[in-house]
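Presented as structure tokens, the chain that follows is alone, the form predicted on its own.
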Amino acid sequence: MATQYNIPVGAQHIALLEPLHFKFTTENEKIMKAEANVGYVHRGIEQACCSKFKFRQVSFVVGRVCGLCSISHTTCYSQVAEKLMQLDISKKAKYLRMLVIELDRIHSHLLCLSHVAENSGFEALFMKTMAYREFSMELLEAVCGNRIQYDFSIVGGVTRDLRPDVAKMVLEKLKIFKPQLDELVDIYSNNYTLGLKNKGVGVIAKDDVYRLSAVGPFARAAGIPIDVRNETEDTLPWKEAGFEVVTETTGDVYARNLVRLKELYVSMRIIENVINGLPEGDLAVDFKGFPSGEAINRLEAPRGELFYYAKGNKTQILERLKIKAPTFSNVAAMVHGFHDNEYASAPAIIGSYDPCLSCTSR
């Protein structure tokens, strides 16, 4: 009988950028069992939002949940608060929210792809991907005023308009990025060091995605066309702006890379359509009163479905705020995806999951 070893990975490890702990049980270099512990961080943000901050201020607080998908959190909260207040924001504000969300998706997906390359031992591609990603950070700063933690969405609309010179810069930089993205697609698809090497690695089958309730690119890489943007036209007009679902079928690291790369083309199309068809209207609506009742809201963050629940009691302070981040939904599938893979493939598999413990442990 082969000898089994228990190998800890994390909470601090060269293959992990997050405080996440895995324990692998291996046999002859093959992972037979995996366990995960995501409970290394807790900052009490939900409690603070229900005790120390007024409901109008909460959009700025939840923007600090995560530096990568700050706009997803601020927008999702703003939308759930608007439901409590029965507010109808302008179409222009909705378009501007979509613009920043998709710019954020570009930089988040490229960051994930770069880490997959680094964890696969392809340092040069890591540097190239990060260099190509820089344009999205520059555009986010130009549109929102900050490279991260944008404070762009607020209850009732958005804080900043899109200046004509900034809109022109966005379109010009997207044209420059298009051939760079084509180059990345070719490398991630066909280069042996990364693309072909990761075929069949970290597979999550379609049935397992359903059984374990995975979301985002994780689920779409297994052939499941689940995307909140396809289901929430009432909050943001995604299809009007050119959204379409991207899927692959093999459910491995290779497929997850391709889903994220192909989604960048969709994000670019949405951004171009938003700028070229930006309607007139107010940036934010004035309102009075306090939140009352209960509401939920869903938004497709870069990693998948972001879920907010809020309860108001006709005071300035919310009675309850609950956040369910996509990484939390994906933990069970993450653990399952290691089974029967070589231990040497674990870093690439972890990178392809794109876990965010900052979002998961508020």
Partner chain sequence: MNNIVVQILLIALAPILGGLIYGLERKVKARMQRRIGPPLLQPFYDFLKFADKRKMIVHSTHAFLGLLHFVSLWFAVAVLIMGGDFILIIFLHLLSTAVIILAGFSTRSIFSHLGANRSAISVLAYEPVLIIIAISAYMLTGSFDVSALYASEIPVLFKMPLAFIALLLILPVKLKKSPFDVSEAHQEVVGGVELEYSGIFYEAVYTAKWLDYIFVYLLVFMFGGANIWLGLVLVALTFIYINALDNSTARVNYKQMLRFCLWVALPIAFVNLLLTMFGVL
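Numbering follows the first chain given and starts at 1. What you are looking at is a predicted structure, and each value in this text was computed from that prediction instead of being measured.
Form predicted together with its partner chain: not shown, discussed below.
Three-residue candidate spot Ser213, Glu231 and Thr327; no residue lies within 4.5 angstroms of its partner chain in the predicted bound form by any non-hydrogen atom. Interface membership of Leu194, defined by any non-hydrogen atom within 4.5 Å of its partner chain in the predicted bound form, is confirmed. Interface residue remark: Asn28 is counted as part of the site for its partner chain in the predicted bound form, having a heavy atom within 4.5 Å.
When its partner chain is considered in the predicted bound form, Ser120 lines it closely, a heavy atom lying within 4.5 Å. Although the partner is absent here, Tyr132 sits close enough that one of its heavy atoms falls within 4.5 Å of its partner chain in the predicted bound form. Note that among 156-164, 213-221, 282-290, 186-194, the stretch whose heavy atoms approach its partner chain to within 4.5 Å in the predicted bound form is 186-194.
Shown without its partner, the chain has Glu342, Tyr343, Ala344, Pro347 in segment 324-355 as residues with a non-hydrogen atom within 4.5 angstroms of its partner chain in the predicted bound form.
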